[in-house]
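First, one chain by itself: the form predicted alone, in structure tokens.
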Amino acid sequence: MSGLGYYPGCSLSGSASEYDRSLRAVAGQLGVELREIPEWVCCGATSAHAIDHNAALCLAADTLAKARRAGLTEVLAPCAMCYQRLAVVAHELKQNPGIATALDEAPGLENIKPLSVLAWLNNGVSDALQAKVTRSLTGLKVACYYGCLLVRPPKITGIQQVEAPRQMEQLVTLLGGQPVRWSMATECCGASFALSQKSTVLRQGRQIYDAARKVGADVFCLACPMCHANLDMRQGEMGIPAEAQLPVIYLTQLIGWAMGLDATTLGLDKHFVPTAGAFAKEKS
């Protein structure tokens, strides 16, 4: 097995545990050993960077420093928010290596590379992934939803086609699924405004839902715990009847299903919108 640094962050350790569960299962199938960063702490995703820039840098740099001390050179951060914070500090360290000294860290911290789940799957294991597909997703129409933080800004993520990314669609196609062309793939879900301005989140979520439904999507596929919470948990509040709601599935769950893993292993039974009906649409 090859070793890869792993930063689950707060969400995957709690409300998005099915994301963690499915990612670990997929990594195991691919022969990738996930080495969890020892004594990791919160990245400060939704509050620290808005209040104190240096404090936010310290939180993210702490994770990179612990990865370095563990002998790791790459860190997979599957949560889009966590990835963004780690990628920001990595970018700033490269622009100004002196930041590491200010943070009481030795030079070289800028050489630790944060990876999003898209970068890991598309650039590192896509060939091995294709070989593991035992259950084709033929007939499943998938709305790939990136949200804000997986692809923006390009100077941080390295993705230039921020308005029309295709990395997730390429993976869905590899699994045999049918990615739909739709208009809201990179629009914001409202993120943490669910607490302070729920009406905004419900309006955004309903627009995202309507766009996916308009083009005949069977499921949403995404890689952000905040997006998942807003789209999976709130469709009823958006005024969508239970029978018309769309399942919201993590990318790693979709991959695990195509690998032949069962629903319990992947945490597919943990969602608010039931997922079983979506997979009944597959055509073998």
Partner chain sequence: MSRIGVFICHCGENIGKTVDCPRVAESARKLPGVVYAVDYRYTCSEPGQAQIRDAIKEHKLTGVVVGACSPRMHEKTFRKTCAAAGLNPYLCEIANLREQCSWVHTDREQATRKAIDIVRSIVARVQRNTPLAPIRVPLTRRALVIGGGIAGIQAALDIADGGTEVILVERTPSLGGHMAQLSETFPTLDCSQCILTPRMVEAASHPNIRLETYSEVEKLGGYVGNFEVTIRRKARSIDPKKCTGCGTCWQKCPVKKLPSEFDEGLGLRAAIGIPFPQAVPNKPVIDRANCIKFKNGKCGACQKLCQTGAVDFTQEDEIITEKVGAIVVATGFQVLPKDQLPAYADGDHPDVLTGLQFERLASASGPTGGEIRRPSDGKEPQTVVFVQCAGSRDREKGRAYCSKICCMYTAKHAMLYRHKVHGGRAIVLCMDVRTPGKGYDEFYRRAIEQDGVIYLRSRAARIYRDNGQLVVQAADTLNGGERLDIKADLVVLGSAAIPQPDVRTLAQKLGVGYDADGWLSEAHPKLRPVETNTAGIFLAGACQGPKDIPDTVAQASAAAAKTLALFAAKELQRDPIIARVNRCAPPVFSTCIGCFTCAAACPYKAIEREEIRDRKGGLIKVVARVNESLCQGCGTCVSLCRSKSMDLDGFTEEEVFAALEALVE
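Just so it is clear, the structure is predicted and the values come from calculations on it, not from any experiment. Numbering follows the first chain given and starts at 1.
Another form exists, predicted together with the partner chain; not displayed. Remarks below refer to it.
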Contact segment among 110 to 118, 137 to 145, 124 to 132, 163 to 171, judged by heavy atoms lying within 4.5 Å of the partner chain in the model of the complex: 163 to 171
Residue-level question: is E187 within 4.5 Å of the partner chain in the model of the complex, judged on heavy atoms? yes
Can S183 be called a contact residue for the partner chain in the model of the complex at 4.5 Å between heavy atoms? yes
Although the partner chain is absent from this view, report whether K214 comes within 4.5 Å of it in the model of the complex, heavy atoms only. yes
